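The chain below stands alone, shown as structure tokens; this is the form predicted alone.
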Amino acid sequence: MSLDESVRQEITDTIETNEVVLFMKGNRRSPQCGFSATVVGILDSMLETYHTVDVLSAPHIRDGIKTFSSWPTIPQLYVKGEFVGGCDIVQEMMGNGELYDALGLEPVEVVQPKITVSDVAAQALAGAAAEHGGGGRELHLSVDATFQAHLSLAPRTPADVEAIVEGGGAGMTLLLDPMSAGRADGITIDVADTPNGQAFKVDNPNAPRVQQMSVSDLKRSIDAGEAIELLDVRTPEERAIAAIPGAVLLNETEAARIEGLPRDTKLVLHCHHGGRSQQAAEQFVSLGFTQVFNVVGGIDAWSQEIDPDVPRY
């Protein structure tokens, strides 16, 4: 089958401008087939960012990529301009460690994590497995590069690590990929009430958390010229009354800019007293930022301890 030259160029441009590209059904947040979901799960466990192309929304790419790669199925993974393969090959490379080399990552030391599952969570997981399992599908827990945890039922792969399950779920089989296993030691799985009913609650002690920063430490960072993003989460009206020099109002445009920064960027957030900025800081942690600080006492503490010329209100 011949390939239209414009389609070939579009595919080539996509591959050349993105180090890691996954042609898949659906997108990273919502895969539309099990094979695509499997590869997304593997990549999520290893990478913070990568590019995806939803072939369901681009039929010319869906047909074109098969001819381009001489490969008949979706998904298809490209790394650094080279075709890696489909779902089975990616799984195999994950199992034998070759995927680390392909992605330019250092292989992780495989650990067997200890995970505590409460009585009520164990009963709920057993019920879900009985209802939706079968056909070789077993319970999996993945912890992606931003420490977001996901429970799923999927076939066991050669690379999977079996957790040591304690608590009410002792004896239960819970599988993790090697990258997730290294992030999961000490996790507790419970059930919590939510506005939409009960849901699993995964508490991971290894996940990045919001750190607290005093106004004195903030002053030292500013004076030292440290590279920080100092963000003011108050309203424009409050900012008109008083402001910390160098702080930027966190509006929609600024939030979009911050979300595009490397995840190890040091973010320092303040508000009036520290409550609103704590909530905003937690949002950035959930996006994968690893150095997120909340200014204790906010601008009110700054006025009292650092600069009395900054009005209090």
Partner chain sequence: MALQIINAGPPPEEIAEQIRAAIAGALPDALIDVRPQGPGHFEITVTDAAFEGLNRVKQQQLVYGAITELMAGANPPVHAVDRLECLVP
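Please read all numbers here as calculations on a predicted model, not as lab measurements. Here, rigid core means the biggest group of C-alpha atoms that superpose within 1.5 Å across both forms. Numbering follows the first chain given and starts at 1.
One more form of this protein, predicted together with its partner chain, exists but is not displayed; see below.
- Interface residue among D63, E282, E48, E259, judged by heavy atoms within 4.5 Å of its partner chain in the model of the complex: D63.
- None of G104, G197, P72, G225 but one reaches within 4.5 angstroms of its partner chain in the model of the complex through a heavy atom, and that residue is P72.
- The stretch in contact with its partner chain in the model of the complex, judged by heavy atoms within 4.5 Å, is 78-86, chosen from 208-216, 78-86, 237-245, 110-118.
- Within 4.5 Å of any heavy atom of its partner chain in the model of the complex lies no heavy atom of D185.
- A residue is said to contact a partner when one of its heavy atoms sits within 4.5 Å of a partner heavy atom; S286 fails this definition for its partner chain in the model of the complex, lying far away.
- Although the partner is absent here, E92 lies within 4.5 Å of its partner chain in the model of the complex, judged by heavy atoms.
- With a 4.5 Å cutoff on heavy atoms, Q32 does not count as touching its partner chain in the model of the complex; it lies far away.
- Shown in the overlay between this form and the one not shown, fitted on the rigid core, is a CA shift at I61 of 2 Å or greater.
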